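A single chain comes next, written as structure tokens; it is the form predicted on its own.
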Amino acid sequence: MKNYLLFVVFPYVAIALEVVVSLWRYIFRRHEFTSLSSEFLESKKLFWGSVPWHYGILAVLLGHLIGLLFPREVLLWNSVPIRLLILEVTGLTFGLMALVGIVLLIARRISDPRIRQVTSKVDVLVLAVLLVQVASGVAVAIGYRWGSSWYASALVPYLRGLFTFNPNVEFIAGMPTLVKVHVFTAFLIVAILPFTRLIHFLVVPVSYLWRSYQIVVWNYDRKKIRRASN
């Protein structure tokens, strides 16, 4: 019953919240679809945390998506040991990049007084859940080898069963606790995402591809500023 509630009922609740609340915010509070960047308060530490975080997490998510869509091809690729090793090392590398990035971003939030002033309780919750999610993923990759293979053969049928409304909780019931934590926190992120600033990633700024160039005009006298600084 516990596994059913955590890995069947809760995922559907999380997906429902994601769809309904995101649509509501997009229709009635579209101006909130922003990351509320704190770059203007501090940029150097943000750069060193944001770059590895974004590159790492995007690559990891892409790997999970490929495994979900093409499990047979992944297993065929993994049938050659060297290719399996390359895939595992690559995935772990990007996972570690994401972990380093999120740790640096959290440290930045904690260490800078100005950043702390604009950090809400929701931000703290999101960062904590993301840290657990990424750390558990890295721990799974290190502690339970050849994850790409058992992900494609065991977890993918469970995930596909959710999307076809025919979930089989037995696929995940026998998994180690660490794997269950990783899966549960993934759905927890889906559930809380529409209530946070992370919602901005759902709106891809494709209009930037065809909009007109913006002309930026500096409205100040540079010579006066240089003389004043001297």
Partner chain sequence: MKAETWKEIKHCQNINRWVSLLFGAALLGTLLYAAALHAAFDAAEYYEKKCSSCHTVGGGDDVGPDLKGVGERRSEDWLIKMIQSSQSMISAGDPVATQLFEKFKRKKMPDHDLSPDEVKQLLAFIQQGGPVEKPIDDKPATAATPQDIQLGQELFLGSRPLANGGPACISCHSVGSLGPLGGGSLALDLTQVYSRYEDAGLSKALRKTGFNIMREIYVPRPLTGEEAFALKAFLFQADRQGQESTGFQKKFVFLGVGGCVLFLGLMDLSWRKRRKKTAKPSHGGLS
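Numbering follows the first chain given and starts at 1. Quick caveat, the model's predicted, so the values are computed rather than measured.
We do not show the form predicted in complex with its partner chain, though everything after this point is about it.
Residue 63 falls outside the set of residues with a heavy atom inside 4.5 Å of its partner chain in the model of the complex. Proximity of residue 111 to its partner chain in the model of the complex: non-hydrogen atoms within 4.5 Å are absent; the residue sits far from the partner. Contact annotation for residue 70: none of its heavy atoms lies within 4.5 Å of its partner chain in the model of the complex. Contact annotation: residue 160 falls outside 4.5 Å of its partner chain in the model of the complex, judged by heavy atom distances. Taken together, 77, 131 and 135 are entirely out of contact with its partner chain in the model of the complex: none brings a heavy atom within 4.5 Å. Contact annotation for 112-147: residues with any non-hydrogen atom within 4.5 angstroms of its partner chain in the model of the complex are 141, 142, 143, 144, 145, 146, listed in sequence order.
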